[in-house]
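A single chain, nothing else alongside it, follows as structure tokens in the form predicted on its own.
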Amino acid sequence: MEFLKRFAKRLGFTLLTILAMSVLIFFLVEIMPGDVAQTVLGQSATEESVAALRDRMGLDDPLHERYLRWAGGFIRGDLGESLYMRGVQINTIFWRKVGHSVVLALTALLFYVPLSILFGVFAGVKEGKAPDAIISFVGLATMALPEFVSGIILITVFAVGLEILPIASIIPIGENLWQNLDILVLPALSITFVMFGYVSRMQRSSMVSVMKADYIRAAILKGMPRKYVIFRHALKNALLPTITIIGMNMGWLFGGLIVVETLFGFPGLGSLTMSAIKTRDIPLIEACVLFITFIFVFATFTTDMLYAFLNPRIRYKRGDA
């Protein structure tokens, strides 16, 4: 089948991409200016103590040996030890932060996907009319707003003005995320502001194109109810490009969480990445950036496969359908 061939080809390309990106990430982080051992011990450390730490950390080993050691540990699930938080294994903090970010990303997904598709369909059906113009303008405006700007607006309105949501998305000591679900709302809405514009405009454009297709016009002329034609026939085909843009943006979503989580103080992967960069915690930086890269590549692969599966022209060879 054409689909299986495409799956194997894309899987191989995905694995090669992850390998290439891991090499690039490792070498770019490793050539950052400054001595890691000196940063860990402080400027007052003696040359002997710095040399001893470099030897213990294997920093004097050839670059390719350090990469193979790091990549092998990552494959085994061993992310190494944090340099800034000496003695702390990265695994003990990393996956908890990733879990928080996944919950936040899924919450944002539940917000913006239904809203974007609904308003995109409505705008496409009302092409050229007032609802179309209003929805298109709002979508364009939200796309132009950076996450930190929309976040500040949301904080001003809902936290400072109405006082119905917390300003900072901080989990109190001794509690967990599930006991403080209200801290998800403002960060998720901040992401929704940006994503709404992309997805709704794509859905609107796709809907306009499908509604002009001959089979849709024929169905309407035969007397079939307009709502039935829209939701039973037009929407199914109009969703394919929208599914693609949603999947492609999942990788961007995790990268964009750095800004949102830092703004709201949300304890997720984004804020952990920013903290690692500030403290020059190289093993933690490499783990965070590689994981975000993996999410982006995996989301692209999954989206491509889903699109191929939903599209009969790709799923089957000619003559097989």
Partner chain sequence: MNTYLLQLKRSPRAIAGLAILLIWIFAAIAGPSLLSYSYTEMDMNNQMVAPGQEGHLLGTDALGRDVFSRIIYGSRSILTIALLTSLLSSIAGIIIGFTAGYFGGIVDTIFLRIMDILMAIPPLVLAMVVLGILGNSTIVGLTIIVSIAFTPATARVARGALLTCKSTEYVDAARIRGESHIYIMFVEILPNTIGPVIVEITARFAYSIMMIASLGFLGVGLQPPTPDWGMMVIENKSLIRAAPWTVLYPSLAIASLVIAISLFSDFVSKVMINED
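Positions refer to the first chain, counted from 1. This is a predicted model, so every value here is computed, not measured.
Form predicted in complex with its partner chain: not shown, discussed below.
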Would residue 133 sit within 4.5 Å of its partner chain in the predicted bound form, counting heavy atoms only?
-> yes
According to a 4.5 angstroms non-hydrogen atom cut-off, is residue 201 in contact with its partner chain in the predicted bound form?
-> yes
Look up in the predicted bound form whether residue 137 has a non-hydrogen atom within 4.5 angstroms of its partner chain, and give yes or no.
-> yes
In the predicted bound form, does residue 156 have a heavy atom within 4.5 Å of its partner chain?
-> yes
Only hit among 118, 75, 160, 110 for heavy atom within 4.5 Å of its partner chain in the predicted bound form is 160
What is the one choice in 145, 125, 85, 103 with a heavy atom within 4.5 Å of its partner chain in the predicted bound form?
-> 145
Which single stretch, out of 77-85, 184-192, 110-118, 160-168, brings residue heavy atoms within 4.5 Å of its partner chain in the predicted bound form?
-> 160-168
Note that its partner chain is not shown here; using its position in the predicted bound form, name the residues of 270-308 with a heavy atom within 4.5 Å of it, in sequence order.
-> 273, 274, 277, 278, 280, 285, 289, 292, 293, 296, 297
